[in-house]
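We begin with a single chain expressed as structure tokens, specifically the form predicted alone.
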């Protein structure tokens, strides 16, 4: 029934004069459990279901959405968007065209090896409550004042049909587990840590994450950090940047500035600009170790998809390759502007959202170094394993990361904790200073925000640990 509605929508839009028509059925079903210090704050369920419709009329792109699945409502929506777009075309200077692209005709899904329904709601509540029992008993001198946990399940179902021949049906279940913990000490103050775990699939990821084991161990580490950390060295030192920070850096200083619509100025009044300008493909941005890839096709990834929301088959995108700006993230419109093919970067948050250029799973390509090899010849340095805060300018050039779990390195060995080291660096400096790259690739989940109205889509960002030579660290007070 839904597929027939979508076909009707694009046929009717073409009949009314659209040169291109696209209809996307999009349903997001989410369930969540929120607990604070072992007590359940709430259990929720949300369903967002509807159809998004895009048309090109007289070189102008129009979008509308409805939250009903009745034929008469679809008819009215198509008539309205075609008419409004035709009126707007009289005021538009630059005409919209889409690049030719191979259109997908496929059905696919991410498999949940352990479906959500295989565990009862009571068992899930018990799992979350048990975390508080395990973690709250860990601190010896400090006190665990807050442990907020939010568990989430989401099922995203889509059917994408367009007048160029796309017909793609997808079903992707995703699971998330977010926590925020706060440790207090009457003399040493406060330390807090938050993390979002996310993946496509089912409850098998709970066993993979082993949070019931990892979180108590991490809490013990954070207490030691709070009690014993010293001021980091203030001179120029070597810095080993942990994979969590590396992943955030490549997401913010490579992924976002590589979005072609952002480069063309569309995001300037919304999420900012880009230091990358048209014509910079081939410009050197870093050392030979600076290869950044965005790949939607990674099985189990939080940003997983095989076809984008314009029906284009997905593939890995090499944004920086061996230190050179190599390709941008494109949808069919930006691909036409650049004279290239779309690399399947069009994503929409839900049926109410238009497909815009987005990242999926962005990471720095791993190298060959074991961690011990990264630090073995460091006479004096710092290992920043995780971060507590960060910021970056709107062109994605100047950036700042404050370390959370961080260690002093002396003569090739970790010698205890340092407190709040600050890595303040430009994009080119970061990628140019990399002289060694670890071999262990790790991913971290996030919800990437962009657009107006705002859209948040699931992504992974990651990489290995990397070593930077001669960096002057700051300290956050």
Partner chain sequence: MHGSPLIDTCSRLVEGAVSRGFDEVAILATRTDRTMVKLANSQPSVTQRWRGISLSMYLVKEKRIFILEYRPAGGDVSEKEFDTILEHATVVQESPFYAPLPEPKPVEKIEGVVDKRVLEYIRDPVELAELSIEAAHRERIDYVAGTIDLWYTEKALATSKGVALEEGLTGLQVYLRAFSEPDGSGQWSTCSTSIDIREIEKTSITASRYAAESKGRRSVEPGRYDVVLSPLVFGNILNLVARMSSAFNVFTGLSIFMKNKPGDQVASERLTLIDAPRDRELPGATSFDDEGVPTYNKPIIDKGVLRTLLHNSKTASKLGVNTTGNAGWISPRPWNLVVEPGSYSIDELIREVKRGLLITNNWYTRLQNYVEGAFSTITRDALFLIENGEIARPVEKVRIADRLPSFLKNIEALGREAHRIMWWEVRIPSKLPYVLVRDVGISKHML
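Positions refer to the first chain, counted from 1. Just so it is clear, the model here is predicted, and its values are computed rather than measured.
Keep in mind that the form predicted together with the partner chain is not shown, yet the notes after this line are about it.
Q: Indicate whether the partner chain has at least one heavy atom within 4.5 Å of a heavy atom of residue 390 in the predicted bound form.
A: Yes - in the predicted bound form, heavy atoms of residue 390 and the partner chain come within 4.5 Å of each other.
Q. Wondering, does residue 66 line up within 4.5 Å of the partner chain in the predicted bound form on heavy atoms?
A. Residue 66: yes, in contact with the partner chain in the predicted bound form.
(Q) Just checking whether residue 471 would be counted as a contact of the partner chain in the predicted bound form - the rule being heavy atoms within 4.5 angstroms. (A) Contact with the partner chain, yes.
(Q) Does any part of residue 108 reach within 4.5 Å of the partner chain in the predicted bound form? Heavy atoms only, please. (A) Contact with the partner chain, no.
Q) Hey, of 195-203, 341-349, 178-186, 161-169, which bit sits against the partner chain in the predicted bound form at 4.5 Å between non-hydrogen atoms? A) So the stretch in question is 178-186.
Q: Indicate whether the candidate residues 99, 310 and 329 are all in contact with the partner chain in the predicted bound form, with contact defined as any heavy atom within 4.5 Å.
A: No: no residue has a heavy atom within 4.5 Å of the partner.
Q: Would you mind picking the one in 156, 252, 223, 244 that has a heavy atom within 4.5 Å of the partner chain in the predicted bound form?
A: So the residue touching the partner chain in the predicted bound form, by this definition, is 252.
Q: Name the single residue among 103, 319, 404, 378 that comes within 4.5 Å of the partner chain in the predicted bound form, judging by heavy atoms.
A: Contact residue from the list: 404.
**Q.** Within 33-48, the residues that have a heavy atom no more than 4.5 Å from the partner chain in the predicted bound form
**A.** Contacts from 33-48: 36, 38, 39, 40, 41, 42, 43, 44, 45, 46, 47, 48.
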